[in-house]
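Provided below as structure tokens are two forms of one protein chain, presented individually as structure 1 and structure 2.
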Structure 1
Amino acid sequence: MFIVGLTGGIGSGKTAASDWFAAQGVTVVDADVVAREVVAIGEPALVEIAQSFGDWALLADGTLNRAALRQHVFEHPEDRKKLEQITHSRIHSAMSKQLQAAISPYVILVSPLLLESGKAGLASLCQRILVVDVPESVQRIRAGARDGQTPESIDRIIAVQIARHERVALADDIVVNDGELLHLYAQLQVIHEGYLKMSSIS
């Protein structure tokens, strides 16, 4: 399976790019979506979280209280490990299943955290790393317009994500999304043709 890891900072255009790949018939596995699926209602991970942390970890409708849990692990770093022990292996196996089930010539694995541990983490599953790169000024404008976040809260997220120059240094391929969407799509078309060739000979 030829896996292309797709990443970029907040508001860089990962979704815009992965939607384009999906429209070409390429299977897209989204690590964030998988991470939400493994803690959905009825999943064993959700039951385990409630047992380990307490009922406060659930909302009245039985879904995960993400905001409370996020705050809790921020204040109790040791409990972040406990949470990761419950979720990580499940996320990995669900993701592997989706990757294995793909029928397109190659697969896009999209995650903002792809390069979190350099090339050792999620990136180790990938044959190529594709980065969507934009200046931080563009990230602030687009992420702000999309979810109404303040420039300060966007800056806080940018600060905890891998630095732009490090992300770019780990990339095999880079698309620059600082213009019109059509400009992004034109770059993706060239890259897509390259991936089709690479995946046919790998």
Structure 2
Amino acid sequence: MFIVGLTGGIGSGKTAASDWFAAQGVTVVDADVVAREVVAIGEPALVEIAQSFGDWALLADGTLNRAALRQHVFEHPEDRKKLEQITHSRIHSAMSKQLQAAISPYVILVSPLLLESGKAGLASLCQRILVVDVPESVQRIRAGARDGQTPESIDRIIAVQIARHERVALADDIVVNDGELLHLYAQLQVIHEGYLKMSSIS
């Protein structure tokens, strides 16, 4: 399986890029989507989170209180490790199953922290790394407009992500998403054609 890792900082446009690939018939496995699935109602991870953190970690309807839990682990790093122990192995297992089930010529593996865990992490599964790059000023504007997050929360997210220059240095391919979507799509079209050729001879 020819796997392309897709990553970028908060507000870079990873979803816009992955949606474009999906529209071309390419299988997309998104770590954020899988992470939500493994903590859905009825899943063992959700039960374990409630047992470990308390009822405050759940909303009134029984779903995960993401905002409260995100704030909590930012303020208590030791509890971030506890949460990762509950979720990470389940996320990786679910992603592996989705990758193995893919039938497109290549697969896009999307993760905001693809490069943060080093060679032993998800990046080790990938034959190519594609980075969606934008200036930090654009990241902040988009993240604030999209999620309604405060500047402080955006700063915290940027702080745990790899630095922009390091991310770009580790990339095999880079697209710049600081303008119109049509400009992004034109860059992706060229890269897509290259991946089709690479996957056919791999």
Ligand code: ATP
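If you superpose the two forms and keep the largest set of C-alpha atoms that fall within 1.5 Å, you have the rigid core. Just so it is clear, the model here is predicted, and its values are computed rather than measured. Residue numbering: sequential along structure 1, first residue numbered 1.
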property	result
Identity of the form predicted alone, given as 1 or 2	2
Motion between structure 1 and structure 2 between rigid parts - which of Ile162, Asp30, Ala50, Asp172 is the hinge	Asp30
Whole-degree angle by which the smaller rigid part turns once the larger is superposed between structure 1 and structure 2	9
Once the two forms are fitted on their core, CA shift of Ile141 between structure 1 and structure 2 in Å	4.2
Following rigid core superposition, Cα shift of Gly179 between structure 1 and structure 2 in Å	3.3
